[in-house]
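Next comes just one chain, in C-alpha cells: the form predicted alone.
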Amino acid sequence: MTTGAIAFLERYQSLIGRLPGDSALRAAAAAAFRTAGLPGGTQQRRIEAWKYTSLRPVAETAFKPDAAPRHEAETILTGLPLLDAPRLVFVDGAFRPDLSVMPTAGFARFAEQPDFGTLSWPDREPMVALNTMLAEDGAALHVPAGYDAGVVQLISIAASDADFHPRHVIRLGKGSQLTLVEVSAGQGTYLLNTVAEFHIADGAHLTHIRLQDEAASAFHISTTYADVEAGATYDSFTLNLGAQLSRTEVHAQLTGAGAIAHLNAAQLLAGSQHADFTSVVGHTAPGCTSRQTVKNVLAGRSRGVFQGRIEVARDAQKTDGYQMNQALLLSPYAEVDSKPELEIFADDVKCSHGATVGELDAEQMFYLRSRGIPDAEARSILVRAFLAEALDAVADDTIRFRLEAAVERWWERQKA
C-alpha cells in the first residue's frame, strides 16, 4: 500500500467517533479502501476501470488536512462565473452559510443530517470508499413533487492544501424540476473527491451542469450516481478545464420505462494535464433513451481519456442508446485513449457508438489565414466550432454563455 493511502487510513483512525453518520458503514468502507488502495502502480493493472488513469501523483502528495487556509475564499468566489440564483457554498469541504444564498427547496447539511444515500458502491470503487470513510459535510436537497426549484448553484472552493470529501444527495419528487449548476475551483495543491447521488422520481427533470476549473496543481475526482425512474430525465453536461489530474465518473441507471439520460461533456487540456471521463449507463427498463457526446481538445503533452459503457438488460426492449467520443489534437505530443462499449442482452434495441481523433483541418486553416486572420485566432475559431455541438447541448442561454466565457478564458491562458 502506498504512503498516501496509509495517510488517509491513519487520518480516519484519528477521527473515529467524531465523524457524522453510520460508523459501521464507514468502517466497512475503510476496510474496502485498505484492500484496494489508490488506483495506480501495480494495482492499476488489476482495476480495469482505472486502466488509463493512475492516482500515483495523488498518493505521492502530502496533503495537510489540519492546515489553515492559505487563500481567501471570498476572493476566489468573486472570480467565479456565478449566476443570479441561490447558491450553496462549501469552502475546504465545509458549508459556509455566510457566503451562501439559500434555495427554496429543502436543504440540509450532511454534517447535521448525514445521508450516504443508497446507490454508491464503496466495496467496488476505491475513491467512493475513501469518500465514505472521510466525508464530513455536503448538501442534501429535496425537491417536493410537482415543484419547480429553478436554478441552484453548488460551489466548492479550495483555499488550503488539503483533501476534501463532500457527500451530496439530491432527491426530486414526482414531476418536479431542478437545474443544478456545480462549480469547483480553488488555489493551491489539494484533492477534491466528491460523491453525489441523484434520485429522480417519475416524470421529474434534473438538469446538471458542471464546471471544473480547479487550480493547475490540484486533483479532482468526482463520482456521480443517478437513478432515473419512469418518464424522468437526467440531462447533464460537464466542462473540464482545470486540475493537473481529474476524473469524472458517472453511473446512470434508467430504472423506469421511458427514462432519459444525457451525459455530454467537453474536456480542454494543455501542458501535462490528464482528464478522464468515465460513464456507465444501465438500461434496465423498456423504452429508455440515452445520449452521450464527449469532446476533447488536447494541447501540449496532455492526455484525455474516455471510457463509456452502455449496458442493456434483457427486459430493456426498445432501448435507444448512442455515444460518441471525438478528440481534436492540437499537438503531436497530446494523447487520447477512447474506449466506448456496448453490452446488450435485449434483442429489440437501437444502439451505436463511435470515436474519432483528428487535428485541425489544414485547408480550413489556410482559408482563414488567407483572409488575414492571425494563426492563433484561426486556431481559436476552429476549436470553438469543434466545441459548439457539445455546448449547444446546454439549453439555458445564460448558463451556456457562462460556459463559453470559461472556454474563452482557457484559450486566453494558452496564448499567454
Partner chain sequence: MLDIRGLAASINDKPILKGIDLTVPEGEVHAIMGPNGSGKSTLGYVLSGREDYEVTAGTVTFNDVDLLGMAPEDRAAAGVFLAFQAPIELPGVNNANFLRTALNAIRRAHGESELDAVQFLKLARAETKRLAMPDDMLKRNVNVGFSGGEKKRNEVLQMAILRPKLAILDETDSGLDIDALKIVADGVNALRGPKFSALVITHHQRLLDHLVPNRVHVLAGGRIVRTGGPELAKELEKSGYAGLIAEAA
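Positions refer to the first chain, counted from 1. Predicted model, so just to flag it, every value in this text is computed and none were measured.
There is another form of this protein, the form predicted together with the partner chain, and it is not shown here; the text below is about that form.
Listed residues Cys351, Leu382, Ala27, Ile47 were compared with the partner chain in the predicted bound form; Leu382 is the one with a heavy atom within 4.5 Å. Listed residues Leu368, Leu391, Ala355, Leu360 were compared with the partner chain in the predicted bound form; Leu368 is the one with a heavy atom within 4.5 Å. Among residues of the shown chain, Ile373 is one whose heavy atoms approach the partner chain to within 4.5 Å in the predicted bound form. Using a 4.5 Å cutoff between non-hydrogen atoms, Gln364 counts as a contact of the partner chain in the predicted bound form. Remark: Asp347 does not count among the residues lining the partner chain in the predicted bound form, judged by a heavy atom distance of 4.5 Å or less. Using a 4.5 angstroms threshold between heavy atoms, Glu60 stays clear of the partner chain in the predicted bound form. Stretch 383-391 is the answer when you ask which of 64-72, 383-391, 28-36, 48-56 has residues with heavy atoms within 4.5 Å of the partner chain in the predicted bound form.
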